[in-house]
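Shown next as structure tokens: one chain only, the form predicted on its own.
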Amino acid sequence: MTRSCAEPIADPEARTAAEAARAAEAVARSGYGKLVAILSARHRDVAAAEDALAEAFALALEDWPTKGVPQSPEAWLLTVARRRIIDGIRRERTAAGAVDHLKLVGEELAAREAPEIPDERLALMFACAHPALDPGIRAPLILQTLLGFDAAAIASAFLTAPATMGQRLVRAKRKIRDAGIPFEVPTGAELAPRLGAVLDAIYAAFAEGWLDPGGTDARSRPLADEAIGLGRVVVALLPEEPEALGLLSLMLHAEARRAARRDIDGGFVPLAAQDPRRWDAARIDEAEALLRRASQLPGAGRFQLEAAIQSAHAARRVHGRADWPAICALYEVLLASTGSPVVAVNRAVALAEVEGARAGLEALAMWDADPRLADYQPYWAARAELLARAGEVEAAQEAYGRAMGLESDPSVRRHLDRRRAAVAAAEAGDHHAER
């Protein structure tokens, strides 16, 4: 077939550069955390590992277009980054640096004989979630070191100024280095509390992404996806840890409903009004399988209980109605173990489904004085709904207004406003019928 005169001729150099860029991007997406983990595990300097890897990626974009993408891009990047770290240690010329220098040289020689790259991501997660670090920086630190998120993106997701987040991340990495925080998976009695910190950090990242119901925030949406990816890493490396299985199940159950949280016009749809046919069946099936695996292992923790609650909600797919008695019972166990006012609000809502709105309001009233609920939007939204169902229209209107004032999502505010208007209209209709 002859080429048309108007058909552009592809530039071989441009095509090669594009292929190199795609290869580098693929490694950045799938192997960034793995490379940072192995680079920082021996030297215990996360910042140095990140800098060396950044230089390796820059060199790849210069080298690969002319010499071709190597057979193992990850191994190539690891070798170049490790040499950058060796050069940096050599320049420092310290006694400790000399030891690290010999270790890294030995690793490089060993890597030539055994090119398989070990997976040290879990060890890096445990370092980032170490008790010596501020709990508030653990999730952001995991996101940056394991996933390569920049400080600005993390700051946006965690509602922090970029400069502040950047400074906190730098201080945390410096503390890991200076305090000699180990890059290792703890064993025995130390595993459970340390694993809890890792799982909490992953779930905090997921929750930030989950707050964007429509997935419209370019910076928040990846958080949920990437947190699920980190959950998979933990499960793959610790397959017999029931709470790790429970966390992954919980995240998959929640993520399965993402598409159903908005209607065709982009309006917010609460869980009770969602169409189960819009839920992701494959994710739910995987979540259920993980939960069954967890239930066969000793011990039941928070994440397993929360996943079981989501499983009871998913019963609507089969039975057309959530298993509210089971949900209520699970929330009671969860409340007893956590004492969380957030759990108390959810328990009150579940109790209202089983015993009526008055029972739910009585359960909620036990927590009315808790200062942690004063500005908690779901508390006021739940209170408004239960008051409306109980016929206390004026109090419901006031609670709806408070919930709207505390809500940042315009779509959720519109939903609450529609509910408030519907309650007022129903009340006016009743008065009209009486006359």
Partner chain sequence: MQFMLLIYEDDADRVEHMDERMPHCGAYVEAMQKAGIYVCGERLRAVGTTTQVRVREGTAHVLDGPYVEAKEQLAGFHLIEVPDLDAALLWASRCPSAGRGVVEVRPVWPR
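Residue numbers count along the first chain shown, from 1. All values derive from a computational prediction rather than experimental measurement.
What comes next is about the form predicted in complex with its partner chain, which does not appear here.
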Seminar exercise, completed: Contact with its partner chain in the predicted complex, heavy atom within 4.5 Å, among A41, M404, A28, A47 goes to M404
Problem set entry | Contact residue in the predicted complex, from Q274, N346, T160, S311 (heavy atom within 4.5 Å of its partner chain) | T160
For this session: Answer yes or no: in the predicted complex, does its partner chain come within 4.5 Å of a heavy atom in every one of R171, R194 and D200?
Result: no
Exercise. Which of 406 to 414, 31 to 39, 58 to 66, 384 to 392 has heavy atoms within 4.5 Å of its partner chain in the predicted complex?
Worked result: 406 to 414
Problem set entry | Non-hydrogen atom contact D368 with its partner chain in the predicted complex at 4.5 angstroms | no
Exercise. Taking heavy atoms only, is E398 within 4.5 angstroms of its partner chain in the predicted complex?
Worked result: yes
Exercise. Taking heavy atoms and a 4.5 Å cut-off, does R420 contact its partner chain in the predicted complex?
Worked result: yes
Exercise. If we check its partner chain in the predicted complex, which of the residues in 358 to 383 reach within 4.5 angstroms of it by a non-hydrogen atom?
Worked result: D375
